[in-house]
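Here we start with a single chain on its own, the form predicted on its own, put down as structure tokens.
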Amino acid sequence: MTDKPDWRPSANIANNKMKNEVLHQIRQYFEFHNVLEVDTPILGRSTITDVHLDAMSTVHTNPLSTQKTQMYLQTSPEYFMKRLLCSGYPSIFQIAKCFRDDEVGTHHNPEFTMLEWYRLDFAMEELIHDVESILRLTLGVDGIEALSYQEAFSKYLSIDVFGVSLLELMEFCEQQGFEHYVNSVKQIGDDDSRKDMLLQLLFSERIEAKIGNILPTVITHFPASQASLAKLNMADSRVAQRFEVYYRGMELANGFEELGCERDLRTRFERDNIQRSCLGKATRDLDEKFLQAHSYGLPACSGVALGIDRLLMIKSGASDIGEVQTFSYERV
């Protein structure tokens, strides 16, 4: 006799009420600071080129023609929100449903809730203060601590991320028990890509667990090669104006001082596709609407995405993301 599927919700009523309270606090915060709430599409005709993220896709059938259109569920509302900013919108925020393939686990669900916001004329440091205010409000934390990416590697692994050679990094990773991963990296991409992959491995496996255990920890100034869509630092081109927030074993937020140059964005997207190809992943068509919007000009701003479900996990003490979602991946 086979077990019957569990039809019941994975989140209890108390956690649902807690979520309502948190979202109410967030909306009140942004209303007080004159940040406009927006609602952008979940489905789009384009998707991201990010090497480490993959979108889910579907096909739309037009009943008035024989044409079928490839559509993508958005991995975040970022591209649509930036198109709003390019068109003249003020500072904005959104609480959005997002979707990512290949993500299932205690801290991951293919469908999740993201808080994303953009503040005009904010530098990275000002946006970090904004994130701190949200965490004080919703989690009652007493503040945050900050380390640069370089400082974190120096403090916890005695590695100079800008001075270490690829060979030295491979040897260190092998000593840490990652010989199989090192061997696989040797077959992929150029030396800079290999170095970044090893640094990311060490950060996730050897540093993340040591930070954010008492106060949320903000890691700032990621290497320029890991800039994503962030500006490079004007005083030190080796680093980007990018930060991530970690608390109690989880990455909570990822933010940038936003890059607004259409040419530089196109170059980064094309580089992503080269890396995707090296990794055996499908390349992605560039989002030309997004790029065209930036040719008109993205105003000076900083933006950040914060995982609501993970925030709720911390607040409730939940050990699995399904406990704060009405129906987890296994129960849909």
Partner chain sequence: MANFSTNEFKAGLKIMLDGEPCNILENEYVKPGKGQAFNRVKIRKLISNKVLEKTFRSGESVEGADVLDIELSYLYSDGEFWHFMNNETFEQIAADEKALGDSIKWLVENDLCTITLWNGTPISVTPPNFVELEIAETDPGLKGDTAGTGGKPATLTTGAVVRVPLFVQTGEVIKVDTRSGEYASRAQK
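Residue numbers count along the first chain shown, from 1. Given the structure is predicted, the values throughout are model-derived calculations rather than measurements.
Not on display, but discussed next: the form predicted in complex with the partner chain.
In the model of the complex, residue 155 stays away from the partner chain, with no heavy atom inside 4.5 Å. In the model of the complex, the partner chain lies within 4.5 Å of some heavy atom of residue 181. For the chain shown alone, residue 256 is a contact residue for the partner chain in the model of the complex, at least one non-hydrogen atom being within 4.5 angstroms. Taking the partner from the other structure, the partner chain in the model of the complex has no heavy atom within 4.5 Å of any heavy atom of residue 262. This chain appears without its partner; in the model of the complex, the one residue of 201, 131, 224, 250 with a heavy atom within 4.5 Å of the partner chain is 201. Interface residue among 197, 135, 245, 240 relative to the partner chain in the model of the complex, by the heavy atom within 4.5 Å criterion: 197. Picking from 33 to 41, 269 to 277, 51 to 59, 286 to 294 the stretch near the partner chain in the model of the complex, with a 4.5 Å limit on heavy atoms, gives 51 to 59. In the model of the complex, the residues of 99 to 121 lying within 4.5 Å of the partner chain by at least one heavy atom are, in order, 102, 103, 104, 108.
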